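Heads up, what comes next is one protein chain in two forms, each shown on its own as structure tokens, labelled structure 1 and structure 2.
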Structure 1
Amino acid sequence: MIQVTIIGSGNVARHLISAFSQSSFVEIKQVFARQTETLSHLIPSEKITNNFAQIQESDLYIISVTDQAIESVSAQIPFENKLVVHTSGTVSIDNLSSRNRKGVFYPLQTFSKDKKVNFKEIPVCLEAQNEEDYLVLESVAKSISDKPFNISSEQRKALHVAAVFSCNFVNHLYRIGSEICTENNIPFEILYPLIEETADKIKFLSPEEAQTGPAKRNDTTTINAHLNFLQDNTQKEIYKLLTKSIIDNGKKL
């Protein structure tokens, strides 16, 4: 068994505590939380501390705090040469204090307080400074997830940009779709099956092969009808830019 100490009490920290609690490979040695009572439903209170001086020895320390706090928190761990990782998608491994061995343990998912997730399905992006530490992180990740990935800090930066396009921006397009529906007294739920199929299809076809619609067909009659229909200038601009980008991509083939 490997002993893991978690520092933080946010959404990621809580989901990790829940997931590790069900693992027979990992023992949660201790959890650090400024407000110890916020975690009392998840873990016995004698394992929770709000005092850095009381942090005990452990095989692995997982810092799951805001990006801005990672550096200073990592400097307050009262040990040297221990394996210390953070769970951020954007912060470089270099931001961790050099007093300890550094690493990253980044679960790639949107965590909401009230929505249960199946951790087995969540990719965990791992990074370490040497092979031995990497194997420790990999075994810990495998105890809760079927999808460990070796991702460097440089790659993690790219991955975050890709996630902004494929998720944050996608959600904004859902919002525009939903606004157009509402304005025309159409229930947005009518689009759910199509949205679901669009998200599902790319597992079987590349997004390039899966592309359909008027831009893909270069159907200028429909494109112009849609532009005439749109009254909101930002929506019009987004329609034009994405249509042009789809058409240009087609020409590259």
Structure 2
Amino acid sequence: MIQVTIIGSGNVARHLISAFSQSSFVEIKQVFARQTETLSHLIPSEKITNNFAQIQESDLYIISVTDQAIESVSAQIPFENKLVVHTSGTVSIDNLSSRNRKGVFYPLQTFSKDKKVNFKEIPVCLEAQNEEDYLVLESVAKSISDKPFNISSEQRKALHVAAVFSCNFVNHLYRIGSEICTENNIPFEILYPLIEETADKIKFLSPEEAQTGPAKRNDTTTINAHLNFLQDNTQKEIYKLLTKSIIDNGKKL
């Protein structure tokens, strides 16, 4: 069994606590949270501290805080030559303090506070400075996920940008679609089957093959009708930009 200390109390930290609590391979030795009461429903209060000086020895320390705080937090871990990792999609492994062995344990998923996830299906991107530490991280990842991946810091930067396009920007487009529906007294749920089918079919087709719609067909009549319908200038500009990108991509093929 591997003893793990988690530093942080945000969405990723909370989901890791829940996942590790169900693992027979990992023991959560301790959790650091500035406001200890925020995690009391997930783990016994005696395992929570808000004092770096009270952090106990573990086999692995997982820093799950904001990107801006990773470097300073790693410097405050009161041990040397321990395996310390962060969960960021963008921060380099080099940003961790050199007092300890460095690594990355990045679960590639969108996490919300009150939305449960199946951690077994979540890819966990791993990086370490040596093979022995990588194998430790791989074992820990496999205890909660079926999808560990060896991903370098440079690859992780590219992956995070791709994830922003594929998740965050897409979700913003859902918000615009919801707004248009609400303004016209249409229930947004009418789009659920379309959204689900769009997400599902890229498991079987490439995004290029799955692309449909007026921009794909270069249907200028429909495109212009849509632009005339939209009254919000930001929505119009987004529509124009995405339409142009789809049309231009079709010309490359």
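All values derive from a computational prediction rather than experimental measurement. When a residue number appears, read it as a position in the sequence of structure 1, where counting begins at 1. Here the rigid core means the biggest group of C-alpha atoms that line up within 1.5 Å when the two forms are laid on top of each other.
- Structure 1, not structure 2, is the form predicted together with a further copy of the same chain.
- Hinge residue, chosen from P78, I195, S153, F25: the C-alphas switch from fitting one rigid part better to fitting the other at S153 when the forms are compared between the two structures.
- If you fit the larger rigid part between the two structures on its C-alpha atoms, the smaller part is left turned by 10 degrees.
- Fit the two forms on the rigid core and the C-alpha of G177 turns out 4.5 Å off between the two structures.
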